[in-house]
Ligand SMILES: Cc1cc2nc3c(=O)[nH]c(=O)nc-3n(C[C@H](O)[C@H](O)[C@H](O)COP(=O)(O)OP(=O)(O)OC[C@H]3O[C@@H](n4cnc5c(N)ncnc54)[C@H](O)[C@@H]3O)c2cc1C
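Just one chain is shown here, as structure tokens, and it is the form predicted on its own.
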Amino acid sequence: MALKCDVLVVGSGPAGSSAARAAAKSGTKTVLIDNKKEIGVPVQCAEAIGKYLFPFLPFKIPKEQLIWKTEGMIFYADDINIERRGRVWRSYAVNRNDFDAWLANSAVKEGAALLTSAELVDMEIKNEYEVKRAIIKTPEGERVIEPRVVIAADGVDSTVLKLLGFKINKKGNIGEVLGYELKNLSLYNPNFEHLFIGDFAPGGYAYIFPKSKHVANVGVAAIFPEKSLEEYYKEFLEIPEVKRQVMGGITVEEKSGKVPIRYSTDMWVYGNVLLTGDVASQNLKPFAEGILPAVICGDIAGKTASDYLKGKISLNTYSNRVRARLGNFLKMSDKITDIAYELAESETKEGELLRLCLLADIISLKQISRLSETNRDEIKEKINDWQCSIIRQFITTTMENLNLFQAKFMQKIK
């Protein structure tokens, strides 16, 4: 006998659990399925979330989920390093297995039915991508679910998209990540995330993302690898700035995965199917930050599905709602993607330095485009100009604060 529901959410990552939570909270009968036996396992990311996105979240993240705070990022390329701190550069580390489990439990508390070890294997589709039935493989045998709306939140290897007839994972659309959690490290400045650009991470970057004073996620992310990621990872660990920190490190677990760089499809709505999270490439470039955007967009997907089923709106409203909430971020992300993609194909030192400028956001996108025709020395001069301006700004601010302090002090004496 088929299980009928209002909303079927495929995938219980941040996007799927957030969508199921929102749909169930709105009173719709919601089923959340995941092919994994345990939610959040295995972890397939570097586990960092940007603090700047907190005001856009549909609910607060409990303090116990925020296990480590970083004040900024340090970028390395060639013989240059640049530090960015404050504002958009602040972030937290989370344990994704705990974080994902908390999100899924939040959905269950709102009334969603959670089915684990439940793999979507087929769908009965009518005209214009209307899903009528979903065939689910479980340890007890096949189950049939009849949803009115399907929310696809099953990542870059989306089964939903494949069953709808789309070809995904085209070369260059997906970044590959080989990463590990390491302990017993001698981290340099553990209150900063460290990003490295070089031929050890073709088209991407390598990273050390601290989770404590002596624990960090360490890995390489590549878009156009010509060798195995294992080889690139070994090269990365031999860089002096890296070797000093990871020497003697002990591997806790692997955290490799894939990340969407470009859109797999042109739209986020097909028939009665909404795409959210990585399946919709709703991450923010240049860092492909996806955890909190997935939570935000998943919540919008769940609320949109509920409002549609109540006859209030069409499903196409979903895209407008996402862009109303995260529009400025997504527009900038799309612009950065185009430039980053061109730079990713460059194997020159000039290309690496320009990617440094892009990641560290030290010059405008127009300037990066103009500098793509120049040589290494000119790019370095531009970087040096920026560093000098930061120093001047720091000195000016310090003097202003000192003068203000002296004025207040003199007033107290009088």
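Predicted model, so just to flag it, every value in this text is computed and none were measured. Throughout, we count residues from 1 along the sequence that is shown.
In what follows, reference is made to the form predicted together with the named molecule, a form of this protein that is not presented.
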What stretch, of 284-292, 314-322, 67-75, 237-245, brings heavy atoms to within 4.5 Å of the named molecule in the predicted complex? 284-292
Contact residue in the predicted complex, from R133, R143, K258, H214 (heavy atom within 4.5 Å of the named molecule): K258
Just to be sure I understand the contacts: of I82, A340, L229, L120, which is the one whose heavy atoms reach within 4.5 angstroms of the named molecule in the predicted complex? L120
Would you check whether the named molecule, in the predicted complex, lies within 4.5 angstroms of a non-hydrogen atom from each of A222, L354 and I362? no
Looking at the partner-bound form in the predicted complex, is A15 within 4.5 Å of the named molecule by any heavy atom? yes
Using the partner position in the predicted complex, report whether E350 sits within 4.5 Å of the named molecule, counting heavy atoms only. no
Quick check on H194: any heavy atom within 4.5 Å of the named molecule in the predicted complex? no
G277: heavy atom within 4.5 Å of the named molecule in the predicted complex? yes
Across 215-238, which residues bring a heavy atom to within 4.5 Å of the named molecule in the predicted complex? none
